[in-house]
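What follows is one chain in structure tokens, specifically the form predicted alone.
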Amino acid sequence: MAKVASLDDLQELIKTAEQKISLSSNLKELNDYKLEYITGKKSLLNRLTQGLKNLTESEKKSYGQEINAAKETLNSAIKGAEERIHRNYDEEGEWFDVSLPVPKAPIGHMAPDTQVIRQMNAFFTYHGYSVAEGPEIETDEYNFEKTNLPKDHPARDLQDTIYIESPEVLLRTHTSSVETRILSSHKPPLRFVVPGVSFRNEIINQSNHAIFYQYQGVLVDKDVSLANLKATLNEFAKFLYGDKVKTRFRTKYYPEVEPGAGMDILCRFCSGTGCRICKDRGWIEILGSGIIHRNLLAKSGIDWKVWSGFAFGMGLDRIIMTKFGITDIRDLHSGNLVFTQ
């Protein structure tokens, strides 16, 4: 339709369209009328607008004004019909617009171990540490030899190793294997943390599991001391547990460090009075740490006379238990939906 014969013809076309819109019974039908008369590429209004180019200047002005008025009339009719249809839906049952985005269903949240790892990564990356990872199937060289655990070292017997191909290929017993890999392939100064799974042939019970998360931290630089280590770990404990957390350090032996120290926090389950979680000690050990042993640095190709550093490692499962009040380590690996909902 390039042109209507008269303004009366235009008014008649709009009247017919308005009547059809007012009689529409559902949103699909209403949308079809909207395309037919207003928004469609070949809609009535578009065809009338395109026909203006064939008119004289005076005709363009008259028809243009009428077309604009017709557009307002039809849009008003569409809006009125939508409101009427919505009211009908409300009276018959709940109405919803199928074209709107569907809200995300509540399908759960991150597991406790993922939450804690991300929190810890945020703390250490803020303090200049990188986050590293390494293979879970490891060699004897990186898992034992370079961590200052030679083949005749008695500490090997305490790690209950699970071998893939004895005696050289195994499931890593600690994330220290990633430490030795990085120290062997990168030059200091270095700062990095390693969250990851470790494996040991343990008897599974309330406080032990054969599969467990560890979190390793390493800093190598010049003139590093135990004071640097203690300050770092105290700040970390406050970040993880709050400013009121109480900590203590005890001298301990670890082959990878010399001197070594264990870090405890006051038991959050009994506030130090003694319970089955802390084994009536009042304190829970959350990590081992110390100054990196000169043998480990030397085996990784680092001159221990120039460089020094500290390292710390913790069982994340125990950290998670104390943070969330979980009393059985087996719950973390059982697939219990309580921890994912």
Partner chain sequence: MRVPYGWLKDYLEIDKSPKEVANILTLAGHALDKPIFGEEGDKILDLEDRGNRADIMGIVGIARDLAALTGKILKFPLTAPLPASDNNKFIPKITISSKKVLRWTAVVLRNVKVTPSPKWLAKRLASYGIEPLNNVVDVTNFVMVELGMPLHAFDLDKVDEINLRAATRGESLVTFEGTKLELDENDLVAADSKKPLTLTTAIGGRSSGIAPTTQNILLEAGLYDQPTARRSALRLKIKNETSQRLGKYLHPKFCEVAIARSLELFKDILDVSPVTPGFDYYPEELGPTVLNLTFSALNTIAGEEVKPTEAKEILKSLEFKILNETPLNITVEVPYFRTDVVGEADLIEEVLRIRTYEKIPLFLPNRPAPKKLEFPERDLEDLARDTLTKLGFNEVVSQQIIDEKDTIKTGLFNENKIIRLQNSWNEELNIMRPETLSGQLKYGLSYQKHGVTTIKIFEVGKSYTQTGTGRGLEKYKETRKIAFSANLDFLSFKSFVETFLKELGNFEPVWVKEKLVIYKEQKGAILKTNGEEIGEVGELKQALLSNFNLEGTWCHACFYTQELLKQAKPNPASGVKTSIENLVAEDKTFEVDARAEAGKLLNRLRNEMDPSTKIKFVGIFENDELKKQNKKNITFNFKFALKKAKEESEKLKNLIVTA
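Note that the coordinates shown come from a computational prediction; the quantities given were computed from them, not determined experimentally. Residue numbers count along the first chain shown, from 1. Between two forms, the rigid core is the largest collection of C-alphas that superpose within 1.5 Å.
Just so you know, the form predicted in complex with the partner chain exists too; it's not on screen, but the next bit is about it.
Although the partner chain is omitted here, in the model of the complex none of E18, K61 and S76 has a heavy atom within 4.5 Å of it. Distance criterion of 4.5 Å from any heavy atom to the partner chain in the model of the complex singles out D223 from the list E83, D223, D243, E72. A heavy atom within 4.5 Å of the partner chain in the model of the complex is found for one listed residue only; from S271, T251, Q206, Q119, this is T251. Note on the interface: of 31 to 39, 62 to 70, 280 to 288, 48 to 56, the segment with non-hydrogen atoms within 4.5 angstroms of the partner chain in the model of the complex is 280 to 288. The partner chain is not drawn, but in the model of the complex it has no heavy atom within 4.5 Å of L266.
Using a 4.5 angstroms limit between non-hydrogen atoms, R181 touches the partner chain in the model of the complex. In the model of the complex, the partner chain lies farther than 4.5 Å from every heavy atom of K323. The closest heavy atom approach of E202 to the partner chain in the model of the complex falls within 4.5 Å. In the model of the complex, D223, V224, S225, L226, A227, N228, K230, A231, T232, N234, E235 are the residues of 223 to 238 with at least one heavy atom within 4.5 Å of the partner chain, listed from first to last.
With the core held fixed, D280 shows a CA shift of 2 Å or greater between this form and the one not shown. Here T251 does not count as shifted, since its C-alpha moves by less than 2 Å between this form and the one not shown after the core is aligned. After superposition on the rigid core, the Cα of V131 moves by less than 2 Å between this form and the one not shown.
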